[in-house]
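Encoded as structure tokens, the following chain is the form predicted alone, with no partner shown.
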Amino acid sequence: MEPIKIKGTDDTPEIMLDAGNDVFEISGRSLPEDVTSFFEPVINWLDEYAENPKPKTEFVFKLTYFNTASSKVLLDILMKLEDISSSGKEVIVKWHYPEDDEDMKEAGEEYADIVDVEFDQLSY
């Protein structure tokens, strides 16, 4: 699979999806003008990855902010990870949040309650 590398901007997150090097990360701010088209390649890549996932997938989120539209896509991504997990593969979500950001911490807790995957909350 070809890796996806999207450079972050003030309004879009940096995205690194590289199965060959075990890198699965979304970081920065997510408030793209058109959330659907921005994340479409990510969703398609994850669909393809889910057909033949590695025995262990560690997916890292290091978001400092995301808007409501992005929150829905993030849930879609987490649901795809849950599908991989339910197929017998190990999936770990690492949810990083700024130590003083209660909203981002709570967002991680809410996602952890929704999806059935190992979910580690890590402050920095």
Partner chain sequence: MTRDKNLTGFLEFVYEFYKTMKAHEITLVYEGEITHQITKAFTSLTGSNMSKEMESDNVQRKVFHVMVECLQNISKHADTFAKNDFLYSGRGIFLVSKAKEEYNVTTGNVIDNNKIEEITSLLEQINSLNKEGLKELYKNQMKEGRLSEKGGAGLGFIDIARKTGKKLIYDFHPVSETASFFLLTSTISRTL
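Here the structure is a predicted model, which means the values were calculated and not measured. Residue numbers count along the first chain shown, from 1.
Same protein, other form: the form predicted together with its partner chain, not shown, and the subject of what follows.
Mapping the unseen interface onto this chain, Lys72 counts among the residues with a heavy atom inside 4.5 Å of its partner chain in the predicted bound form. Among heavy atoms of Phe59, none comes within 4.5 Å of its partner chain in the predicted bound form. Its partner chain in the predicted bound form comes within 4.5 Å of no heavy atom belonging to Trp95. Taking non-hydrogen atoms only, Gly28 never approaches its partner chain to within 4.5 angstroms in the predicted bound form. Along 1-30, residues Asp10, Asp11, Arg29 each place a heavy atom within 4.5 Å of its partner chain in the predicted bound form.
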